[in-house]
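We begin with a single chain expressed as structure tokens, specifically the form predicted alone.
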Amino acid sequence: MLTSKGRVVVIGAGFGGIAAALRMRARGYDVTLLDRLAKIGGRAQVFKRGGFKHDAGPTVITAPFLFDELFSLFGEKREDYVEFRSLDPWYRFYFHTGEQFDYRPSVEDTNAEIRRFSADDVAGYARLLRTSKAIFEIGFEKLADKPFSKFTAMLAQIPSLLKLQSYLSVAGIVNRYIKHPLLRQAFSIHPLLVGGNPFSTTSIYALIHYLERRWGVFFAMGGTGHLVAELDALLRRSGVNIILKTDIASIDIKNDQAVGVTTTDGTYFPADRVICNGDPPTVYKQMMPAAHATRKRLMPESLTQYSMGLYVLFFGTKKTYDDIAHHTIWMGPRYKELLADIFNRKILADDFSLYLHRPTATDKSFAPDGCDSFYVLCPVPNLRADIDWTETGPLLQQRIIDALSDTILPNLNEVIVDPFYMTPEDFKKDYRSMHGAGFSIAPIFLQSAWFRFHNRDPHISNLYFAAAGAHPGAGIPGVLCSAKVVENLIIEDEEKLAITAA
């Protein structure tokens, strides 16, 4: 058994909380992991309806080594429990013109797809990849698992950030190299996967292009839910105490130190360190004592920009659509203007763009024989918009079904089974997400690195954040790296204690 170094309470069992709990347990702490839902996984819940299975959360696995690390902490191999299967194509883009573009694992195959639209953009894509690699080598390899608790750490990186033109947007970088308007859409879409508008998200996130090239794009066989189940088993094997259906009322502070947490039913969990996987704005506003409920940051709450909301539609079909890829990005007639409606004007337009997930393209266990399982994600304004989702939810469901039936899923209206949906209201209720935002605060430059929520509270030295709203950001690689940052901070704490003790 590991010798205890003290008690760690982790609030929230999303991927960041799971990773933080495992890392702390491997370092010898007694770890209690608390979550308000009935199962761990955060947004990665699983719904089952009428023989169909639906992953409710993230469906794309990149940087798989970050999961491998969690199993290797305990001398185990991830591949003994979960298969990560490579996809081809990674993503299929369906444009409003009826044209399709397959973004594929090999550069050669991707170039062949590019040539069908614009031969001149093949060279531009090569330059985009080189730029993405340069950003990756700084933004991911050097900064993603490093804390930005001090402004001096940010200052030290300013020459690199300026060299990488991080003050530009992802779309700004892409448009420098890619000229065809539809390819510009395809290659600038990545910020939406982490909650950002491509036209305002810092170009640091252009590193995702090279990240995918470096490790690939995968699907966890059995679904993200199976991956979570195996992580649950790993947590239990390693001795982490998991307590579910338990919500947090307050983080208890004494003499500028977190001393424990109190649940909504009055149960108190003492702690030497508290790690928050919950949405940082929610933690500060709803869980912290009034004297500690604010933090020093550039943007006041009124000016803080949040990610878009998500409308997620789930359904099965009584037939298979064998020509539909695992991941399809269904693009509407507008791009930049639609994003402005969602992020800036906060209105729900008549048109939309969609992300379509068909897991049965790779894993038949998601549906009965001869059927398909689907998940459709539609970016929408967060709850700062004036939208009545009780009225709008059913209407948007039918609009999406009609649009898909008229295009890539013919006769969907006749073969659809058990449709249901989630709205930003559900994200607020189920995940305590501020304004129902799908990915916490938006990844703009002035909300990144030191400007983002810190991984350690500036005033409470034993309160940490491993979450989408903290550095380095949202997405599975982001939150898993966030847990690594917290571990590095705690290693620093341990080293300081050892010096003091000596």
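Note that this is a predicted model, so its numbers are computed, not measured. Start at 1 with the first residue shown and count on from there.
We do not show the form predicted in complex with a small molecule, though everything after this point is about it.
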Q: With heavy atoms only and a cut-off of 4.5 Å, decide whether residue 439 touches the small molecule in the model of the complex.
A: yes
Q) Does any heavy atom of residue 36 come within 4.5 Å of a heavy atom of the small molecule in the model of the complex? A) yes
Q. Residue 320: heavy atom within 4.5 Å of the small molecule in the model of the complex?
A. no
(Q) Against the small molecule in the model of the complex, would residue 13 count as a contact residue? Criterion: heavy atoms within 4.5 Å. (A) yes
Q: Could you tell me which stretch in 413-421, 81-89, 275-283, 104-112 has residues with non-hydrogen atoms within 4.5 Å of the small molecule in the model of the complex?
A: 275-283
Q) Looking at 305, 246, 200, 238, which is the one with a non-hydrogen atom within 4.5 Å of the small molecule in the model of the complex? A) 246
Q. Looking at 444, 60, 46, 460, which has any heavy atom no more than 4.5 Å from the small molecule in the model of the complex?
A. 60
Q: For the three residues 191, 208 and 329, verify that every one has a non-hydrogen atom within 4.5 Å of the small molecule in the model of the complex; reply yes or no.
A: no
